[in-house]
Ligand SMILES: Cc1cc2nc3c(=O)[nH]c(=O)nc-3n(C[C@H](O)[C@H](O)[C@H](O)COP(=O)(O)OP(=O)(O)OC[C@H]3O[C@@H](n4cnc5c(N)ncnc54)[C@H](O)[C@@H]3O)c2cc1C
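Single chain ahead, by itself, as structure tokens, in the form predicted alone.
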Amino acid sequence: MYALNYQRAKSLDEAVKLLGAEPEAKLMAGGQTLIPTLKARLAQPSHLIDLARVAELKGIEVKDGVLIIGAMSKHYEVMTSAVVQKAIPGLANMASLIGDLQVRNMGTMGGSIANNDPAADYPAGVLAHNVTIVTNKREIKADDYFQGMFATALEEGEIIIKLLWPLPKKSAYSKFEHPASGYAMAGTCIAQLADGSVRVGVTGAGSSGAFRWTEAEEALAKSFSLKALEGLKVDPETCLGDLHAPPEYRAHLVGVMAKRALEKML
């Protein structure tokens, strides 16, 4: 790890000021990706700004038909929250599938969404539920937020404050996880929204990160049944291939996970 200056922000305003004052500074939420990156000397920030004590970034509540989750809410908090379990039980289940106990007790929703790892779980849920990401500068719709592998619409000096999850009629997530890391080799989230529309978010399989499976959405909108998914296939050309699985296998897994998620909902 390279030498750096550690700073712990006590408020959102202080975090914004510290970030603006140091062009080479990095924000740290749970640190589950950043700390290993620093240890491997793959990043060399001049300052590390810890958001752990910023109260404005915490809290979970339901208001006006929307589940509001603070960016610094840990996976374990999302998983065990009675509010989340009642409002969107599929999201509580998703959080329970992230990493291991240590990761769930340190990693945060905001940190995961800001990092946009192509195998992270939350991006599939964000796309499926049509979530709005609220920053210190603006609101960003899910469809505009994810812009490729590890790439997002976030600009310099922009900090995620909270995520707005519209309450669906029902939703579910299923993933095929890597046995060592727990990351999704393919994960599919299906949400039937309040207006009756269906959205399907996929993570782990896309060559450019999380994406919406529009063919499945259209089929499920016509007939919300397992039969609607029969014969549907994701194009392997759009899928990631690596030493763990070729694109064709990941494309197949997306469909299998979609059926498993749908079975939970039915």
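Numbering starts at 1 and follows the sequence shown. The model shown is predicted, which means the values in this text are computed figures rather than measured ones.
Heads up, the form predicted in complex with the ligand isn't pictured, but that's what we're talking about next.
At 4.5 Å between heavy atoms, is residue 89 in contact with the ligand in the model of the complex?
No, residue 89 sits far enough from the ligand in the model of the complex that none of its heavy atoms falls within 4.5 Å.
Is there a heavy atom of residue 103 no more than 4.5 Å from a heavy atom of the ligand in the model of the complex?
Residue-level check for residue 103: yes, a contact with the ligand.
Can you work out whether residue 29 and the ligand are in contact in the model of the complex, taking contact to mean some heavy atom pair no more than 4.5 Å apart?
Contact check for residue 29: yes, within 4.5 Å of the ligand in the model of the complex.
Decide whether residue 85 counts as a contact residue for the ligand in the model of the complex under a heavy atom distance cut-off of 4.5 Å.
Answer no; every heavy atom of residue 85 is more than 4.5 Å from the ligand in the model of the complex.
One residue of 34, 232, 62, 221 in contact with the ligand, assessed in the model of the complex (non-hydrogen atom, 4.5 angstroms):
Contact residue from the list: 34.
Can you pick the one in 115, 132, 93, 80 that has a heavy atom within 4.5 Å of the ligand in the model of the complex?
Residue within 4.5 Å of the partner: 115.
Stretch in contact, per heavy atom within 4.5 angstroms of the ligand in the model of the complex, of 124-132, 69-77, 189-197, 164-172
Looking at the partner contacts, the answer comes out as 69-77.
Does every residue of 51, 120 and 182 put a non-hydrogen atom within 4.5 angstroms of the ligand in the model of the complex?
Contact check passed for all of 51, 120 and 182.
Neighbours of the ligand in the model of the complex among 125-161 [non-hydrogen atom within 4.5 angstroms]:
154, 158, 159, 160 sit within 4.5 Å of the partner.
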